[in-house]
Ligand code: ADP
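Just one chain is shown here, as structure tokens, and it is the form predicted on its own.
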Amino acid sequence: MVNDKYSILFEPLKIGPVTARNRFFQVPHCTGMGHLRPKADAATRAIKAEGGWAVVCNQETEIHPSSDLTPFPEGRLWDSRDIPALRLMTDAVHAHGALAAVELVHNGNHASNLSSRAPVFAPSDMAVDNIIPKQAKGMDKSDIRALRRWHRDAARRAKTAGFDIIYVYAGHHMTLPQHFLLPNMNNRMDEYGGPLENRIRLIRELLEETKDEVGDTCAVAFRFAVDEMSGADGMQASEEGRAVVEILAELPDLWDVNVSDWSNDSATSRFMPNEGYQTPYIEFVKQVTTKPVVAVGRLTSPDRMVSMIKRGVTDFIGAARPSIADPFLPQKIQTGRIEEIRECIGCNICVASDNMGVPIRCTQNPTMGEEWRRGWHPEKIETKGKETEALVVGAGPAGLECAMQLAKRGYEVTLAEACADLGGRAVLEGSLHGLSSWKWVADHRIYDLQQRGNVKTFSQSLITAQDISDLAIPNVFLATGAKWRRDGVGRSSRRAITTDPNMTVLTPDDMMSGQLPPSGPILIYDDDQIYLAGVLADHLSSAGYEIIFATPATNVSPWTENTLEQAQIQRTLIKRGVKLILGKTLTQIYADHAQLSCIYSKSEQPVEMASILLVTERRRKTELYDILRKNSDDTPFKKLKLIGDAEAPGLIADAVFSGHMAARHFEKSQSTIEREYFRREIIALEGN
């Protein structure tokens, strides 16, 4: 029974010739599976439909070899041979009563065509969007006519594949229709360039021709970035962005509106902490069109959703990342289980997966991307086998997830944590500037465990090997974590760095435990090069400390290019006055300064500081495991396993996944586990 407060969210709504069963709309997002792993992609989308999403979209789907995104495995509709793979998705989504949508795309100069080797297209001659030694050719009239034909053909194939909604896509700086629209990319002097009425011509033609081709049974959606988030240097919602909506107001059956580029549309909670952050840019759209509107903004609160609909901001609640963190978000709202929602923490691990060309993953939802390969379901887990109880040592992300899933399976679970607070690094890192939402990783799991009668939790319990022996629980999972090194060993140096004992040497663990650095300049040395050193520099500089940031990398936190944050991180540190020393390794630490060496020339540079914060590498905490293994003859275990950072330090997402997998694999044979690892979609050799 739906709470009357939220009943508006579950009203059916027409989109052109089709009807959505409610207002929950999973907007297009990539999965890193696409045309290479269509069974896995279909299973991921099907879970969303099962979870209550009324519309489930796929990812950007290439319409032609001249929009080849290799090595990234997005969707593909080059010709009729691609139809069966996409039919897997539409059938799976329809089986759960949802509508299936496809996002047709020609990526223009964003596609390097590395595999097809086709010419790259753009409105005008220009470099390609990636650092590739080739340029895009400005399209002539015959190229534009060909593009329109390719798009129309792809729309027809999409209809044959069973899609209910077919997109024309002009957003994220990634598509030809948007490229034609933007004056900084379109310097044509013909009817496709110059004033807005000309630059919008291609979009109008694509919309009209798509409706003409499939509009009898399929809705035609238009995904449009109303604002480039670059002020007067780009399209703004208050000016040309609004004008586009006014000109095309009634042409599409649905407006899917957001902001550009991708880093702004999928902004992390570190830099855009507020839910619904896109609302100020898109709220004008419903004033201009009578057609339904879908909007996004990392929306997870049902109260905010209701407010946005009642205030006339949107008709559909759009989501990519929240639908990844919790595919069953709509169903949980509908059945009054709001407190069980796994809220998206805005970390962009899902985005990083796509940028690395690998199947999607999620910090909050370890089953994401594993629905087909491993048969994992986000809300279901098989019941326990013959064993009855388990001990989990350590209540960080891995330990909490492992304990929660073991309890769901029906085991009697004992959870022991040395610290006063549960949550481990999720809570500790969540205490740093910009990362407060990361605490939700712990909050969700702690709440779940508190509801279960088969879990005993002990905090401030520094458990020993003798304690474990006395408990006589035969199945032990050790989530004892890892500690940051204090000796400088990291990516660039496999030997400890010579250090004067009179220099104060700090680690991230010191900072997160509340230790304050001495007064004076702090040198942060980042040889981890992921994200934490940049976070600590931001955290300490915002607290008023003078920061010098040195790294062997040539930019700050280079891995965060994958999470779309790197430019924002470096920009923030520069604005805060942090001194950046890039491309330098740390060679020696003296009593009052450090010696740095250029990674290219080996020239040396002294840096004076009062203390140094080393962010280099972590040591696994395996002491308890080593003792238990050594004493296993005296205390026989049926299961003794390291999980999380104690097994292999990585991201919080990796720790959660490790804990989840350990709970799933408990009491399974090794052959069964290996079948999960090696289940693959292998390209057929016949019929090509």
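From 1 onward, residues are counted along the sequence shown. Everything numeric here is computed off the predicted structure, so don't read it as measured data.
Another form exists, predicted together with adenosine-5'-diphosphate (ADP); not displayed. Remarks below refer to it.
The candidate stretches are 63-71, 49-57, 31-39, 636-644, and the one lying within 4.5 Å of adenosine-5'-diphosphate (ADP) in the model of the complex by heavy atoms is 636-644.
Contact with adenosine-5'-diphosphate (ADP) in the model of the complex, judged by any heavy atom within 4.5 Å, is made by just one of 574, 189, 462, 127: 462. Of the residues given (449, 582, 607, 419), 419 alone sits with a heavy atom within 4.5 Å of adenosine-5'-diphosphate (ADP) in the model of the complex. Residue contact check for residue 398: one or more of its heavy atoms lie within 4.5 Å of adenosine-5'-diphosphate (ADP) in the model of the complex. The closest non-hydrogen atom of residue 621 lies within 4.5 Å of adenosine-5'-diphosphate (ADP) in the model of the complex. Among residues of the shown chain, residue 479 is one whose heavy atoms approach adenosine-5'-diphosphate (ADP) to within 4.5 Å in the model of the complex.
Although the partner is absent here, residue 318 sits far enough away that none of its heavy atoms falls within 4.5 Å of adenosine-5'-diphosphate (ADP) in the model of the complex.
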